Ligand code: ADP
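The chain below stands alone and is given in structure tokens; this is the form predicted alone.
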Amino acid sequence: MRTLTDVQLEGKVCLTRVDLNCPLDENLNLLDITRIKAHAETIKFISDRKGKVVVIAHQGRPGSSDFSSLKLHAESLGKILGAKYTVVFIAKTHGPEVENRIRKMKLGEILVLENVRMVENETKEKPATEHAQDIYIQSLAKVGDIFVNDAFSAAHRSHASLVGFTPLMPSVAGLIMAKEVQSLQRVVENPEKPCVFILGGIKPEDSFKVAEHVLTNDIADYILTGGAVSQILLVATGKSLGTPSMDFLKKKNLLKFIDIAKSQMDRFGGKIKFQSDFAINDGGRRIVTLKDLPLNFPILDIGNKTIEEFKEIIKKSSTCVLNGPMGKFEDEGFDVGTVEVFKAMEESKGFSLAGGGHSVSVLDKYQINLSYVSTAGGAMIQFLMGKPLPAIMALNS
């Protein structure tokens, strides 16, 4: 995969696809600009080398509560980059006005186009060659010299702006895209051993698919689990968690994963670790053990014994990957397991990687530094599952 360092940028119009998708409040104001800060690195790199940066990005989907213009995103980008850089917003995605404005761009100038998901066919999943025939792609391709894809977090989509330019012009990965791919390759293609995957949260389907891939292919030596993943494994061993936790699993339609959990434990045995004690809210954080099951309280976090067991495994690891919290970390007193696991990753001497919005928020709140933190969610999960990502395949074609 070619990157920005492989092409001459001076004087070139760089159609630069980034992911500026931010959480918004009810007035459509930006609540978190982490992604804008991240992609500013690639935009600055091109501008510093006298390239003309045409920023293509999305915010939400048509009909969603967070679907909005990118005007505030452009203003935020300008503030992040500083007065040295010229950032201009145009409230159009393509067409003659945009084409003429691009032709007039000065060296190093940055032009942010309107939300690409306002384009009619943007989100249709089609091959690159079909998207390349779209009016939107044709319009920008007329005035573009290089396509730069920096939107790894959207790389699992075969959308027009992610793959459509690649058949028509030289195409390279941006700095964020390259870092994401290199970091994820490091943990799934030839990880230093021992290699530990920590899987939690309330979306166990992805976690079981990741576990299947990394255990079947001898990538991971251990899978440490928390949250709903761990609870499903417990049920699969015949444990009754108690009405509150069982009702939660039923409500979320998660009991369907019990057979998958049984199968993985039968095949991979001691490599899959689940909690041996729990934290519940009984007027405060209280620790209970397996012998206390079933419980009249919901399980909100892993317990102290499990925390110590997991920390011991993590600190001996050479590679450690985390996706998802260990419990309901949003509740006061029940972020202990998640935070302690993160701190153990920070203290380990190995390569540590985490991803997902929840993980990023915990890292920021507690100022925990890992080797690499992914800005992606779905794309990272698909990569960890061993699935090809359409946007990366398009860059490599």
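One rule holds for the numbers: they count along the sequence shown, beginning at 1. Remember, it's a predicted structure, so these values are computed and weren't measured experimentally.
FYI, the form predicted in complex with adenosine-5'-diphosphate (ADP) isn't displayed, but the following is about it.
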Discussion item. Suppose contact means a heavy atom within 4.5 Å; in the model of the complex, does that hold for all of 202, 227 and 358 with adenosine-5'-diphosphate (ADP)?
Written reply: yes
Discussion item. Considering non-hydrogen atoms and a 4.5 Å limit, does adenosine-5'-diphosphate (ADP) approach residue 330 in the model of the complex?
Written reply: yes
Worksheet item: Does the 4.5 Å heavy atom contact test between residue 115 and adenosine-5'-diphosphate (ADP) in the model of the complex come out positive?
Response: no
Worksheet item: So in the model of the complex, does residue 248 come within 4.5 Å of adenosine-5'-diphosphate (ADP), heavy atom to heavy atom?
Response: yes
Discussion item. I'd like to know if residue 231 sits close to adenosine-5'-diphosphate (ADP) in the model of the complex, meaning any non-hydrogen atom pair within 4.5 angstroms.
Written reply: yes
Item to complete: Choose one stretch from 281 to 289, 172 to 180, 194 to 202, 77 to 85: the one whose residues place a heavy atom within 4.5 angstroms of adenosine-5'-diphosphate (ADP) in the model of the complex.
Response: 194 to 202
Worksheet item: in the model of the complex, which of the listed residues (319, 323, 306, 166) lies with a heavy atom within 4.5 Å of adenosine-5'-diphosphate (ADP)?
Response: 323
Response to the item:
in the model of the complex, the residue from 214, 160, 314, 300 with a non-hydrogen atom within 4.5 Å of adenosine-5'-diphosphate (ADP) is 300
